[in-house]
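Just the one chain here, laid out as structure tokens, in the form predicted alone.
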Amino acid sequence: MLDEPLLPEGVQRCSPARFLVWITLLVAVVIWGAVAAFLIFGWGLGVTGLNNYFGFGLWITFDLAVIALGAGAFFSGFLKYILGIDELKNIINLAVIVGFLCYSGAMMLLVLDIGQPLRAWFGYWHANVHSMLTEVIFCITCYLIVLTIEFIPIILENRQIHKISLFRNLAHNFHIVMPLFAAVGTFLSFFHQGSLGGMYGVLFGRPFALREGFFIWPWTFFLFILSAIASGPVFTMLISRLMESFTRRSLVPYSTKELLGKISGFLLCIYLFFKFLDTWAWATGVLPRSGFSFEEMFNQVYGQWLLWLELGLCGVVPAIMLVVPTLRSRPGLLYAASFLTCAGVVVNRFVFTVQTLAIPVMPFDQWYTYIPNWTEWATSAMVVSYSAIVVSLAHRYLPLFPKERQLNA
């Protein structure tokens, strides 16, 4: 056991040399992404795989996916602080950090994707009050601020920082008001998750995404919320499992993981019920009224297999595995079902982002195929590596997991 003064008391960590090698590898990926970002800032979006047909691509798919998967932060906070499910205290710190990384990483890519980063402030100062994206940009920014505030007391729990009375008292006061921040975060995240889906639902010129409404909102508003809260908790659980694999230590009790799987399973069932209704109503109602058929929404590349992958293999299958107690109690099946659930959300965001733009909607149009190039992959990998660096530092120097010492005694 290492006795570094900055390490949490009574825990075991790898040697500084091994940790430095790991961080160096991650930093190398960040540098690769930074080079790509420099090219994009200098020469514009023309150096990417984006074009006049695909203004949205890998970055927006990545953004929408991680924002949905980062819902584990606000929903776990809602369950822990508002509904009082105390079992989630074993993973709530990690949920906050994962949420912070998902949202801050998404903001990094949005700076690249807007094309003219120096005008990023236009969205705040010259807000288009008729656009759902205006609500999204304000809510995401405010929620990132909330996540930062929630992250601060975790940092203040560092072994050496906690010895300073000012920071110790500050951390204590933060914990007292944390239910307030959890409630604010829930409000902000619910609305921007929904508005991201609503943005697609009102695209009248894009029949693949177009949906009818419930009052003033298209159905996709609610489907995006349901899919986010169904996948977010198990994504956080998968991150904890990945950390356990790397560190070879037990960090979260299996009972907590099983609880998260159970919650996600039932929410996934609710989502799938409405998603199947949505797909049926879209195929038999929305499309015919728009002058299109169900078959015209697919081709050899963006085929129906994506729909059945999302609803079947990444929908019905993991829902059954997570809801049935005898299946959920087996770690391998729990982790597999959690991975499929998260993959289903990624597929959903991909088809709404890319397939929506690939489908010809005018008589002179044709099918187009989008292929992201290395600059898009490099910058996306940069965000993943940045997240891994923060999680690695947090795990090494902060007491993230209350039961770690007990589980590894």
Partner chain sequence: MSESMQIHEHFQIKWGMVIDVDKCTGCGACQVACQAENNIPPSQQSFDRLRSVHWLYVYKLENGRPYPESDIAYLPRPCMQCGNPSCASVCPVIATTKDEEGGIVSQIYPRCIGCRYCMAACPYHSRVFNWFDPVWPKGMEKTLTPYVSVRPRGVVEKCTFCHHRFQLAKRRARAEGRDPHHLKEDEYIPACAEACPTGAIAFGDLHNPEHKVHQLSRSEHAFRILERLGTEPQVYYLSRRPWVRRQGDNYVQKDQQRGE
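The structure displayed is predicted, hence computed values, not measured ones. Numbering follows the first chain given and starts at 1.
A second form of this protein, the form predicted in complex with its partner chain, is not displayed here; the remarks below concern that form.
- A heavy atom within 4.5 Å of its partner chain in the model of the complex is found for exactly one of 281, 203, 183, 313: 203.
- In summary, among the residues 35, 361, 27, 343, the only one with a non-hydrogen atom within 4.5 Å of its partner chain in the model of the complex is 361.
- Its partner chain in the model of the complex comes within 4.5 Å of a heavy atom belonging to residue 45.
- With a 4.5 Å cutoff on heavy atoms, residue 150 does not count as touching its partner chain in the model of the complex; it lies far away.
- Taking the partner from the other structure, its partner chain in the model of the complex has a heavy atom within 4.5 Å of a heavy atom of residue 357.
- Using a 4.5 angstroms threshold between heavy atoms, residue 368 counts as touching its partner chain in the model of the complex.
- Picking from 300-308, 98-106, 283-291, 68-76 the stretch near its partner chain in the model of the complex, with a 4.5 Å limit on heavy atoms, gives 283-291.
- Not one of 331, 335 and 403 comes within 4.5 Å of its partner chain in the model of the complex, counting any heavy atom.
- Using a 4.5 Å cut-off on any heavy atom, the residues of 211-246 that reach its partner chain in the model of the complex are, in sequence order, 211, 215, 216.
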